[in-house]
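Take a look at this single chain in structure tokens; it is the form predicted on its own.
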Amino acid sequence: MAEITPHTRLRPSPYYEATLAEGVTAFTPYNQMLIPMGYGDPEAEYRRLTEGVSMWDVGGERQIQLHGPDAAELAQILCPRDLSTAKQGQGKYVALCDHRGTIINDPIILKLDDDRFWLSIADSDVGMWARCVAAERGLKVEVTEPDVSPLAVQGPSAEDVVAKIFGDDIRDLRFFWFRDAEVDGIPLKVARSGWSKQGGFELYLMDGARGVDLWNIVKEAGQPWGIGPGYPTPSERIENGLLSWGGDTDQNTNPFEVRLGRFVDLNVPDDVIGIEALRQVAAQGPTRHQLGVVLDGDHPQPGHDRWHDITADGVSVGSMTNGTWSYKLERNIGFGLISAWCQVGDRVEVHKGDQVVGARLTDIPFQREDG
């Protein structure tokens, strides 16, 4: 492959040097930063995540801070989910939409105080969006990107590792809630969250100069449980139905098409961006939906890319938005964003270049069918 040329617009995360020392083999750009995409043994990294504990550099998951007397108002205008009952120390998963009801990001919004919020974002410029909306609405709020970089600790043993560092009372922290913490003079916020279904925490580092220190503290604490480096492995995230905004969505995707309808509150104020369009979609029903795709055959196919068209009886019905080998199912699987008339159990054909592979549509998350 061609090299990625260093540039001032492409920033290393605070954990960059630590990941190099761990033997990272691939990076991808994310929010103008580099995040690791593997350490050379995908199956070992999958097993560590699903059976033990894994630590990830997710410094590219940037925080967009809304701070000021109108911060709560701006947060609600951006989010088609009712934030009126959100408590300090609570996070909520939201689908930010444009005026058409199209998803433009799917962050967790964290309420730090009545006048300060963080949007923990996927890979798009939410900061610019928020600043434009604030200016257009005449709101008194400062929109910035603070020095905050998450480190994920994920897997069945993640709670034991984090409790060893911060104490057993961290076990009482509820899903998507967070609290202030400090270790070895490093300021943090500890959240029970993360982009896996295995359970775990994200440590929001608030001093970018201490990234390697924090990495080594977590690594040392996790030794009894066999901790090692990893990343959100495609097999685990697809098996468990986790959406990748921008990969599993296109420029017309609304939340109801990709299983996010439960995160949309239709009774939010009328000035929430996209809510009128979302109410129409909810009333009429989406024209597409997301289903699982299980390909025929039991040999791994390379890649984690779009598999292009899905057809049924020779008619195009949508596309397979990702593809990966499932270690749990021992099949090639992916998500299909397809016509609403396609249903679980239907047979389809998946096209990738000149290759055509038969497949079966299924529910998400995927379930192993024994026998």
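Given the structure is predicted, the values throughout are model-derived calculations rather than measurements. One-based numbering along the sequence shown.
Heads up, the form predicted together with ligand THG isn't pictured, but that's what we're talking about next.
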Which listed residue (K197, R100, K140, R279) meets the criterion of a heavy atom within 4.5 Å of ligand THG in the predicted bound form? K197
The one residue among R174, K87, R262, H299 placing a heavy atom within 4.5 Å of ligand THG in the predicted bound form is R262
Please pick out the stretch from 206-214, 116-124, 182-190, 248-256 that is in contact with ligand THG in the predicted bound form, where contact means heavy atoms within 4.5 Å. 116-124
Whether Y46, D57 and E236 jointly form a contact site for ligand THG in the predicted bound form is the question; each needs a heavy atom within 4.5 Å. no
Whether Y93 contacts ligand THG in the predicted bound form should be assessed with a 4.5 Å heavy atom distance threshold; does it? yes
Is the gap between D106 and ligand THG in the predicted bound form 4.5 Å or less for some heavy atom pair? yes
Can Y30 be called a contact residue for ligand THG in the predicted bound form at 4.5 Å between heavy atoms? yes
I'd like to know if L242 sits close to ligand THG in the predicted bound form, meaning any non-hydrogen atom pair within 4.5 angstroms. yes
Which residues within 48-70 place at least one heavy atom within 4.5 Å of ligand THG in the predicted bound form? E61
